[in-house]
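Read on for two forms of one protein chain; each stands alone as structure tokens, with the labels structure 1 and structure 2.
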Structure 1
């Protein structure tokens, strides 16, 4: 019975979130555009699927992934665990930033895997594949975005551990983005910028926030109020770089194949 009531509760809250969006869309559709969309029945069914799907997805995450992920973030950042993994006695000696290596590995792998499952990224990848006529593969884009998030979150964790000010990293990232924009294929640039924003939503944010909070609570000298933030910013910045790199790589490979096929003809 509690399962049913939980499902109902989450569905109601999803409806509550979707309602303003639906009101805007259908309001404009019927009052301003005054044109019935071609397949209204299918669209309404589609909204229903989205609603049910998102509710189930959120509920499932709340039951399996989030509690486990939060617990892991807590345990991995716990000084006792870090000392134990080095055979140190509790409370003896300083913890070096290198001793947090399990945290970085966790940040990398969880960043990668949650981004692969991020529904909004799947949506953008489907669209990009369609618009590019198949030149941008769905999985290629998702994997490169996920790699960007993975690197970004690991670097963000390192920053929290050593306690550097965040703005130097972000400004440095911006400089890289600007430089890479000048050499990346022109077609990929808007998509690359977009992928920075889509990576961090339903699945990634709660886990990443837990990781940042866990780290800033347990690393000596960090204040969770001020240092716990910033991981999401890292996770939105690095995919821009990795998606541009993905396009550059694809272009490079295409050039090599072209040269090879030309050689074969000669």
Structure 2
């Protein structure tokens, strides 16, 4: 019965949150545009499935993703595990930031895998491929964004471990973004900036947030409120750099190919 009551409670909460959005959309449709959609039945049916999907997703976050991310952070930062991974006896030697390398590896892999599976990124990559006439590869864009998120989350975990102020990383990152924007191909710049936003969505955010909070709770001297948040900012910043770098690399390779073809003709 507890499961049923939890499902009912989350569903009612989801309906309460989504109804204002539905009221605005249907209000504009019927009161401002004064047109009845041709497929109104399908829209209402789909709206019902949206409510069901959101409710189940929120339950999944609460029961699985948040506990999983926090549990992994606790286990990877356990002093006994760190000392065992270095072949040391428990309680021997002081642990420093280099000893948390499994945390950085886990952060990299979880950032890459969750971003590859991000539905919003898949949708943007497909549309970018269609609009560019195939010039922007779907897989290339997804991989470049995923690599940016992976590097960003790994660096964010390093910041939590060492306790550095977050603003220096963010300021430095956006300085690099501005500098790279001046030399990147104009075609990719708007897409690169949008790619930083689509990474912080339904799949990536829950695990990343849980990882940051779990890490800050288990690393000695860290405060979850001050150090636990901020990983999502890294996940939004570094994909901008990686997508522009992907475009610059593609442009460089195309330039070399054209140069070789000219040399062969001559």
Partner chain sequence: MSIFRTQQLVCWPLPSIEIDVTSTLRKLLKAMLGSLRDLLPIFLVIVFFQFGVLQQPLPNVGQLLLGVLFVVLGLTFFIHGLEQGLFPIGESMATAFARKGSLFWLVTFAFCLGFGTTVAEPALIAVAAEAADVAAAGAMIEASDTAREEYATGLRYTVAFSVGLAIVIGVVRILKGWPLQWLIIAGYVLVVIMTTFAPEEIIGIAYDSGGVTTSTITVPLVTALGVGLASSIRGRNPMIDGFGLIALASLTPMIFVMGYGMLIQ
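Numbering follows the first chain given and starts at 1. Throughout, rigid core stands for the largest set of C-alpha atoms superposing within 1.5 Å between the two forms. Note that this is a predicted model, so its numbers are computed, not measured.
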Which depiction, structure 1 or structure 2, is to be taken as the form predicted in complex with its partner chain? 1
Comparing forms between the two structures, the hinge position between rigid parts, one of 24, 137, 70, 39: 70
Give me the smaller rigid part's rotation between the two structures, in whole degrees, relative to the larger part. 15
For residue 79, what C-alpha shift in Å results between the two structures following superposition on the rigid core? 2.9
